[in-house]
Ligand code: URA
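Only one chain is shown below, in structure tokens, and it's the form predicted on its own.
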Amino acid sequence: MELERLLRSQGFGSRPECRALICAGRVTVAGELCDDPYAEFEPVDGLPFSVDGLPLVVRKLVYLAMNKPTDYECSHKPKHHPSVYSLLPRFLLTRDVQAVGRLDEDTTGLLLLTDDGQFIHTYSSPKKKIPKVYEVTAKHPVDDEQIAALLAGVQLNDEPAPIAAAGCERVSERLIRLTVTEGKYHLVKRMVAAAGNRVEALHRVSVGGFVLPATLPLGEWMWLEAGDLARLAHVG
């Protein structure tokens, strides 16, 4: 594949834009400067390249984890707060990376993003019952009766049957770790309210078997590599 086409596939603009980057000496491949936009390279996953000194590898599809901060909306057309997409570099936006589901503007924690449509379907589908774990800070102390109600199932408005948490444990007086497998609107907040309390803060810590690394700062993102994806898929 010609280098300008390869660069375009990785989100660096139109072919003329990529050609200009290459001709200006701003691109390396496998550690070597290449200023020929028509140089041929095998577009294999993992081929190292850089643009303006930013080290990257060729990726047919991209998978990301973001530690979403509060007061950001999971929308390309936010209404009241900045978009989470403003936290990503332009080349990922050009690749049309999308959030896998949404977190409310006041919810923090693990947000998955990708340009893989099948991945989005798998991890958004309620039929898949992918467990998602949240740390829930409640307004009032959480008692045993509330935990029992969440585990047994609480009745929500507009739902035909009670919805039960897949797991619920008390971390401290007002902090619980709640596991859900549904993807309904404001689910955790509504469940906690139905159990007789109120959510003051909500932080998603894991999806499937992948746990948000404690070292990833709020507002930052990371690549998900093969091992991360394997952990994500492991839900046992």
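One-based numbering along the sequence shown. All figures in this text were calculated on a predicted structure; none of them were measured in a lab.
FYI, the form predicted together with this ligand isn't displayed, but the following is about it.
- Not one of Leu6, Gln10 and Lys60 places a heavy atom within 4.5 Å of this ligand in the predicted complex.
- Distance criterion of 4.5 Å from any heavy atom to this ligand in the predicted complex singles out Leu202 from the list Ala195, Leu202, Val207, Ile176.
- Checked against this ligand in the predicted complex, the residues Leu103, Val154, Leu113, Ile130 give one hit for a heavy atom within 4.5 Å, which is Leu103.
- Considering this ligand in the predicted complex, the lone stretch of 30-38, 182-190, 163-171, 46-54 in range is 182-190 [heavy atom distance within 4.5 Å].
- Using a 4.5 angstroms threshold between heavy atoms, Tyr134 counts as touching this ligand in the predicted complex.
- Interface residue remark: Gln146 is not counted as part of the site for this ligand in the predicted complex, having no heavy atom within 4.5 Å.
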